[in-house]
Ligand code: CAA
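Listed next as structure tokens is one chain, alone, in the form predicted alone.
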């Protein structure tokens, strides 16, 4: 499809890049933008040359929230029929790792979108928050659930109940982001991390992501069983044979994704 709200870069070194491109409204996430992000992720998921994905905005904003103009005046029935969060579930089921490169504002839906990604590289000017309480609503795309799992009950309650933004350093201390880097290199740092992930065995990479995410919806016993089955499954891949042979022979493996 043709994109009007995002920019998509062809894969380089196994990494596909999606940039949210609505700078005039601080990359507010309207329905069209979310539709395009989902479509681009689907294309990258189906592309065998892509092994990791970077999602970012610009230095001022990853995404400053949902586009409120689309929701003003809507009633409960209309919002249920719109079912706008169905698109978010499609992002959650993307098989390949997604790294969010966040600078500036990641608020409301922007914070929720970043948390849907598998890792977050933040610039030192990044600010995260769930300010929905300030307009009489609450997070609806995972803000009360993923944020709590990431930073714990106390801080998640404070963020969601007061609308307070937290800095990149506070987000790092709380476990919400992987690292904080200078603003002028935030995208390059995320890209470097993505290239490192993309250099690993593709099938193993996807199964690792699947197993880690399973830990959030499973008991420890169930998660360990799931992990074990994925581990055994990899022994039917060519990459497992290649990886272990390369280790024994002290050479770099040549991954085929098979």
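Positions refer to the first chain, counted from 1. Since the structure is predicted, the reported quantities are computational estimates derived from the model, not experimental observations.
FYI, the form predicted in complex with ligand CAA isn't displayed, but the following is about it.
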Completion exercise
With a 4.5 Å heavy atom cut-off to ligand CAA in the predicted bound form, the contacting stretch among 196 to 204, 215 to 223, 42 to 50, 58 to 66 is 58 to 66
Problem - Heavy atom of each of 24, 132 and 138 within 4.5 Å of ligand CAA in the predicted bound form - result: yes
Problem - 150, 160, 116, 165 - the one with a heavy atom within 4.5 Å of ligand CAA in the predicted bound form - result: 165
Exercise for the section: Give a yes/no on whether residue 105 approaches ligand CAA to within 4.5 Å in the predicted bound form, heavy atoms considered. Expected result: yes
Problem - ligand CAA contact in the predicted bound form: residue 71, any heavy atom under 4.5 Å - result: yes
Exercise for the section: Evaluate residue 28 for contact with ligand CAA in the predicted bound form, applying a 4.5 angstroms cut-off between non-hydrogen atoms, and reply yes or no. Expected result: yes
